[in-house]
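We begin with a single chain expressed as structure tokens, specifically the form predicted alone.
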């Protein structure tokens, strides 16, 4: 494909897919079966903690007037069998191999994909091919080929994809978007985003499947896709070129002793990261009870020699509008939070986000806006109560409550999911291969867009 054709293709992709993301919120119900407008029928694949809590139990407590859970599917039948009762519903349960049968028998309006990251794309694509829309947890994909398959399936089938980027919906994230949209900083020239995961939250990733790149695509896909999406959305810009460094500097082999998992560990008194999963009834019932089926141990050792997900990383992104982003993530720090900044022609915005336990506890963000020759003003933005500082509740409203306004354009479709994933994928490849990557060498944007 020549440069001119490729530029045209990319512009067509960006222009039309943004509209598709907004249109996806008007799905309604009755995806072809002639049903009257009632509750959205939602089937779930992946019945782990995130799926059955956020998109199951919590969803039914707050949005049962708008959503009906009609089926559950998981690679582990014991885990799947617990899902309906935990979510407070009555619905059939299926094994992963029977995904097609679940969709055909339960007749959902949408499938929500909350599996291990590396399997997101295959279920999204298959749902579209079976004639239903897909709602997918981030990251939308962990490989460039998966991004391509999703785009082509969406264009081919006419069905839509929504990516659940709850990070767009927090109070501080919305405040940043409003400031940038106001034009007060003028044209943005560069940006900074630094993520600090504490030794509790950070270590949790390395106990789980996230610590292996083949499952998570690394934290550059799993975790950082949130941040890359926020930056793409804040800047309203398309990433063009990525360069990165990263290594496993703290976890994995960086310790003199290790075990297979905490329950089997002979070093419990020596290890600061020992975690007794049996004291958590929910985790025990959800994961320990089904270990003999899939072999997955939720309390894996953070010193596992097989850990290859980076815990220390820096990424440089050049956007198509020439904005430069400097990003970093460290997953073993004594405190949790973020520092974010935007440098514009007319000044600088600094944001410091303080979080204790971001999925449970309220936090706050300190804002400092300094304009050239005009001084500085500071203020604090408080998060709300609830999952992820109230962001999950707002996301659910936007997805499921008819008529929910979206003045900031927070709806995230396939475009947002693909572009945020591709930054993480390109960054991982850059670390592995020691060179810069262009987005347009990883994916062919479709010429025709539904």
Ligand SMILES: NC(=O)c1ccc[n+]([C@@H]2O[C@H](COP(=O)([O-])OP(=O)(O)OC[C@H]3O[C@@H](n4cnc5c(N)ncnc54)[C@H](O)[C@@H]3O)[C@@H](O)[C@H]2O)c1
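Numbering follows the first chain given and starts at 1. Source: prediction; values computed, not measured.
The protein also exists as the form predicted together with this ligand; that form is not presented, and the subsequent description refers to it.
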>> Please determine whether each residue of 76, 79 and 120 possesses a non-hydrogen atom within 4.5 angstroms of this ligand in the predicted complex.
In response: yes
> Which residue among 57, 39, 50, 401 has a heavy atom within 4.5 angstroms of this ligand in the predicted complex?
Replying inline: 50
>> Exactly one residue in 192, 299, 304, 137 has a non-hydrogen atom within 4.5 Å of this ligand in the predicted complex; which is it?
In response: 137
> Is residue 388 one of the residues lying within 4.5 Å of this ligand in the predicted complex, judged by heavy atom distances?
Replying inline: yes
>> Even though the partner isn't displayed, in the predicted complex is residue 287 close enough to this ligand, meaning a heavy atom within 4.5 Å?
In response: yes
> Hey, in the predicted complex, is residue 222 touching this ligand, heavy atoms inside 4.5 Å?
Replying inline: yes
>> Can you work out whether residue 424 and this ligand are in contact in the predicted complex, taking contact to mean some heavy atom pair no more than 4.5 Å apart?
In response: no
>> I need the one stretch from 137-145, 192-200, 100-108, 327-335 whose residues put non-hydrogen atoms within 4.5 angstroms of this ligand in the predicted complex.
In response: 137-145
> For the stretch 188-210, which residues lie within 4.5 Å of this ligand in the predicted complex by non-hydrogen atom distance?
Replying inline: 208, 209
